[in-house]
Structure formats: structure tokens, C-alpha cells
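Take a look at this single chain, the form predicted alone, given in C-alpha cells.
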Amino acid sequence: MTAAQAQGSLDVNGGSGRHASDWNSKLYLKFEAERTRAARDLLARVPYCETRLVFDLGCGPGNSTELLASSFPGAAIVGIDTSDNMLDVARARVPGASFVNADIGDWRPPEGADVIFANASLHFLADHRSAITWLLHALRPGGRLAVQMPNNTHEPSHAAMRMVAADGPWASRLLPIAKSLTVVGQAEEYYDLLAPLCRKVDIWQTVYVHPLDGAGDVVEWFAGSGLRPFLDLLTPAETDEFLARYRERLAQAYPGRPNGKVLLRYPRIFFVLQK
């Protein structure tokens, strides 16, 4: 069975002419309401204050940038992302903001930022703990760093990724990726790390439960996000086979409810730090 048979030919790269390493904004935004919910919850804990400069790290297609622009009218809003596809959508969506194509692992903000917002982006970095500390240093006194990271390493969705990566002709390429993926820690670890560096730490965890239309939707969710490091190393034919095997495992891990939906558990950790 191919992914085309299983899912109606899922296009993970936004068109055959798009470079494989770029993101597919259309696929990502299929679950815009669910993805933006976490950004709203994070922003709700950033106290309103006079704000002149806001950075949105890993801004994607601009759904979080749009929230920031509405919350901080008059401030300069700058979105940072590496995906040309995502940035094109973000520029059209939030024309009053500025956008920069840069890797947030290498990029450094100018000193004096009022708010740095990192919604579901820092966990892609090899050393997100160090990144948090240098982002704090870039804030003005009293400024806020707001971070949300998925904490789903042990969820069935991610266990299935690792199992499929290890069980196929691509194993030699994908196993190093599986072993190098960032493990997001627990709240106690981040509190102990960050409390000495901040005036205030507001930290919490949430487990969202998203009703989706079957295992195919779970595949599409992660093909637009967490599967990217794996899919970037596969040929189109291998991508089809990988996704078909992944879907089969998900169908076992996420049984259908009486109404036909499946429930995707999605743990996330949040913190808002005041310098």
C-alpha cells in the first residue's frame, strides 16, 4: 500500500517544484485552529505593557505573528523563519509586520527587545536550553520571553516515527535523526535552570486532546511539522512508503471512537520569563 492509496496522495512539500526541505504551509494550516490555540494560551500569559519591539521566532505562516500584531498595536513586529513558503504566506497575512529568513539557532536579536515569542520552535534546536539563556540576555530589563514547546516524545505518534525510521531501507539515514531529536524536559528542570536568571518565571503544562478524522489526519498533522527531519532525507517513493507504514502504526495506536474520530493527545510545556 502506498501513501497515495492510504491518504489520497499526500503532498508534503507543497508541490513537486518545491525543495524537499521547505515546509508546506497549506498542510501546516489544515490544523490552524488547533496549532494556534497553544499560541493564544501562551500569549494570554504575557502581561500587557508598553511594547516597541516584538520578535516571533519560527513564525511559520504568520498565525502567531497575527496574534502578536493584534496584541501589541504600534509595536514593530518581526517574524523569523527559514521557510520561504511559510514566509510568503506570513507576509500576505500580516502586511504590517517585517519578516526575515534566518535560522533561529544562528540568529541573534538586537538588545532591547520587549517581547520574544517562541511558539513551538525552540525544540527544533540542538541545544534549546542554551538558546533560552541568550534570548533572555537580549531582552530589555522587564522584557518577556514566552516559550511553548511540544512535550510529546513518549506519545504513540512519536514512538511510531522512531519505529518506522528504524525498520526500513532508510534506517541508516534516519536512525541518526531519531537519536538526535531534542528531548523536551519537565517543568521542574526548566524552573531550576531559569529561576536564577529571571525576575519571574511563570511555567505550566497542558495536555490538549484533538479530535481528528482518523489516522490519516494524524499523519498529515505531523507531516506538516514533526516528521520534517525524517522526510527531508527521503526520495519521493520512499516518502510514500514511509508515510504508509507510519499510518498503519497510527491506526493501531489511535483507535476510532464511536463517532469515528480519533483523539490525538498533545502535551505542551509553556513558560513566560521576565528579565
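The structure presented is a predicted model; accordingly, all values stated were derived computationally and were not measured. Residue indices: 1-based, along the sequence shown.
The next section is about a form of this same protein that is not shown, the form predicted together with a further copy of the same chain.
Using a 4.5 Å cut-off to a further copy of the same chain in the predicted bound form, not one of 134, 235 and 238 places a heavy atom inside that distance.
Interface membership of residue 172, defined by any non-hydrogen atom within 4.5 Å of a further copy of the same chain in the predicted bound form, is ruled out.
Taking the partner from the other structure, a further copy of the same chain in the predicted bound form has a heavy atom within 4.5 Å of a heavy atom of residue 186.
a further copy of the same chain is not drawn, but in the predicted bound form it has no heavy atom within 4.5 Å of residue 49. For the chain shown alone, residue 229 is not a contact residue for a further copy of the same chain in the predicted bound form, no non-hydrogen atom being within 4.5 angstroms. Annotated contact segment (heavy atom within 4.5 Å of a further copy of the same chain in the predicted bound form): 199-207, selected among 83-91, 199-207, 121-129, 96-104. A heavy atom within 4.5 Å of a further copy of the same chain in the predicted bound form is found for one listed residue only; from 75, 195, 166, 177, this is 195.
With contact defined as any non-hydrogen atom lying within 4.5 angstroms of a further copy of the same chain in the predicted bound form, the contacting residues in 226-263 are 257, 258, 259, 261, 263, given in sequence order.
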